[in-house]
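As structure tokens, one chain now follows by itself in the form predicted on its own.
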Amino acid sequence: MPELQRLVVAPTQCQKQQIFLTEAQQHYLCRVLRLGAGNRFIAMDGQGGWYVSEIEASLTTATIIESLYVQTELPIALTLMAAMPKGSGFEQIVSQATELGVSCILPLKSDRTLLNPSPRKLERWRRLAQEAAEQSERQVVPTILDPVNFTTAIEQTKTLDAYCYICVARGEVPHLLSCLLDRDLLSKTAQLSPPQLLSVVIATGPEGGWSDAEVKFAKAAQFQMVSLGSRILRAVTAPIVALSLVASVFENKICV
């Protein structure tokens, strides 16, 4: 099969072997990609379903020709809690975190956070996650939650049966990699299978780092303080380094 263009659709668009395309999707397929009636693409419903689909003569609908089975997801549920950097830095975090397999992104308002995103910016982040999921052949489009303050986010993790880590720039703390290679953690991962997955939460800080009060609060909530190395990383860089370590450990685990 030749390589086909991928397009994320909402599950509600798929009805009785047909996909009802939105105007924006029609424009993208027919005007941008210059596809027409009879041409095929892969529709991804963002929940694990992949469908080879053929554009119908009306150009407003597509017929589902074949369902595909693919496995591109991490064998864990990975949540990134990232303090929002100023400017457009969070856009980079969203796109690259999606490529690395994150399941959920929670933007944080920390003591040193300056950004207060508008609803329009939130919508842009969600659109970037969808585009990155298409590009990286994800089965699932990660959830981008509304921003919350640091303490609220930490409190929310108490309802999860998760391994929680907070990345700090200084101090005598173990490296994240050594924590991820813990035998108990890896053995627990091996014992679980979809839909039940091990949950891992990674928290990364803002420009200037976490405040002492924030670190103390996270520690009291059973977050493990971890390092990402001996160098000070930018607020945009730290999430990518942390998620790369997580993806490497757990993808390697399912390959050996």
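Just so you know, these numbers come straight off a predicted model, no measurement behind them. Residue indices: 1-based, along the sequence shown.
A second form of this protein, the form predicted together with a small molecule, is not displayed here; the remarks below concern that form.
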- Any chance all of 4, 49 and 53 sit within 4.5 Å of the small molecule in the predicted bound form, going by non-hydrogen atoms? no
- Query: Can you pick the stretch from 184-192, 207-215, 60-68, 35-43 whose heavy atoms fall within 4.5 Å of the small molecule in the predicted bound form?
  - Reply: 207-215
- Residue among 240, 235, 246, 14 with a heavy atom within 4.5 Å of the small molecule in the predicted bound form: 235
- Task: Could you work out which of 168, 180, 77, 141 is the residue within 4.5 angstroms of the small molecule in the predicted bound form, going by heavy atoms?
- Result: 168
- Task: Considering only heavy atoms, tell me if residue 29 and the small molecule come within 4.5 Å of each other in the predicted bound form.
- Result: no
- State yes or no: in the predicted bound form, is some non-hydrogen atom of residue 201 no more than 4.5 angstroms from a non-hydrogen atom of the small molecule? no
